[in-house]
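Here we start with a single chain on its own, the form predicted on its own, put down as structure tokens.
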Amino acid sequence: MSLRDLMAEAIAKAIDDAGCTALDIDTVIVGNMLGERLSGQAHLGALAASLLPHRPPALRAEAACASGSVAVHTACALLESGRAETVLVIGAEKMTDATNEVVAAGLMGAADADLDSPSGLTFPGIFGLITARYMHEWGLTREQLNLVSAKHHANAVLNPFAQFRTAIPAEKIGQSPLVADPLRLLDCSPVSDGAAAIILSTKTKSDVRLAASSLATDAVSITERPTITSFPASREAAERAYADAGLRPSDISVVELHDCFSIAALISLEDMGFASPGEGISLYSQEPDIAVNGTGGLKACGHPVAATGVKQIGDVCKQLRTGKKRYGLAQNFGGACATCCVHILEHA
């Protein structure tokens, strides 16, 4: 399937699921990072709008791996301002037709071209450094870290949209090939193709609403941060989202977070207030009060970069409905959390 094909399928399913028609959509926003580099295709807003019968105004949002959630955040701004009433948001990425080298180079566009790339770093290398420092500061063991990917793979078994639907024992995670010490292959999210679409409206009623949409940013390079074992952008985005929704972390029942690498899940849980610093692993070593990456997360569901942030919101919505829960949270970041969006959903 091409990038166009992926978007077309996601759009059709979103419209079928919504309480409106295609003609009700007055704006289209596409989240995409790598269209030019991997598919030779830019101008994706217009391309997506051409898939609708009336070709409404459209634009594209790019913020590395946070492109999808930034597209949603942009849609919220248009809806709140009254410039739009019904917005179609699409996240899409086509990655598997390129070589690993080309994909890795493209993804490094999310890092600092002056401070990070010249040293030969790739994102596994960056998160390998983060993992090593976290282990040094908090005493996390390799055996404990194995629990993160094992849990997310187990969650994906029943998800028909997951890229990998096979449970993997924790010990096998630590025995997989070394990628960037101490990270191993099964600590890393895969290269994926995919698209997701949601429709946001101030005109059409739904049993799920967006209670908060928050965006925060940080230095792109980890060399310009005082610590690499906490992500300030994630903490700030979560704090703003809780304040806007009038909630606390304890009110949240469902979380879909950005586990591009297993260590990112632990740091994110801590930064968003679900665990104290250094204690994120407790949500994997014992039964937690919240469902974390119940779909399998980026690790097992796949990570078609810009589709992830949109897909997370759709997945939180599904889990709130099926589990009859009230509040869920989606956290999506770009680079080493240089851009972070947190969305809170409420189920009536």
Partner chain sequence: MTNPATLHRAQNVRNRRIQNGTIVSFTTVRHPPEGFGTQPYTIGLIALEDGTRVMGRLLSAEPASIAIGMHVAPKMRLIAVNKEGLRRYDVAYEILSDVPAKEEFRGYIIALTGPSGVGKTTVSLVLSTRAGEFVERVPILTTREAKEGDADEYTYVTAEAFADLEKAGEIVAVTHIPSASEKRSYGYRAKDIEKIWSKGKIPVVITEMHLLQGLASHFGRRSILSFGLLPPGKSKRQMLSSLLHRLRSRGRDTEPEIEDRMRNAKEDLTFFEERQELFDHIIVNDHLETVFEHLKGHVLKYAEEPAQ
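Positions refer to the first chain, counted from 1. The structure displayed is predicted, hence computed values, not measured ones.
What follows is about the form predicted in complex with its partner chain, which we do not show.
Enquirer: Would you please decide whether residue 116 lies within 4.5 angstroms of its partner chain in the predicted complex, comparing each non-hydrogen atom pair?
Expert: Yes - in the predicted complex, heavy atoms of residue 116 and its partner chain come within 4.5 Å of each other.
Enquirer: Find out whether any non-hydrogen atom of residue 228 is located within 4.5 angstroms of its partner chain in the predicted complex, and reply yes or no.
Expert: Residue-level check for residue 228: yes, a contact with its partner chain.
Enquirer: Spell out, yes or no, whether the shortest heavy atom distance between residue 219 and its partner chain in the predicted complex is within 4.5 Å.
Expert: Residue-level check for residue 219: no, no contact with its partner chain.
Enquirer: Is the gap between residue 82 and its partner chain in the predicted complex 4.5 Å or less for some heavy atom pair?
Expert: So residue 82 does not count as contacting its partner chain.
Enquirer: Since the chain is shown here on its own, which stretch among 174-182, 254-262, 154-162, 206-214 would lie within 4.5 Å of its partner chain in the predicted complex, judged by heavy atoms?
Expert: The contacting stretch is 174-182.
Enquirer: I need to confirm a contact call. Of 147, 77, 132, 98, which residue comes within 4.5 Å of its partner chain in the predicted complex, counting heavy atoms only?
Expert: The residue in contact is 132.
Enquirer: Give a yes or no on whether every one of 121, 125 and 136 sits within 4.5 angstroms of its partner chain in the predicted complex by heavy atom.
Expert: The answer is yes: all three residues contact the partner (heavy atom, 4.5 Å cut-off).
Enquirer: Who in 26-47 is close to its partner chain in the predicted complex, meaning a heavy atom within 4.5 Å?
Expert: Heavy-atom contacts within 4.5 Å come from 37 alone.
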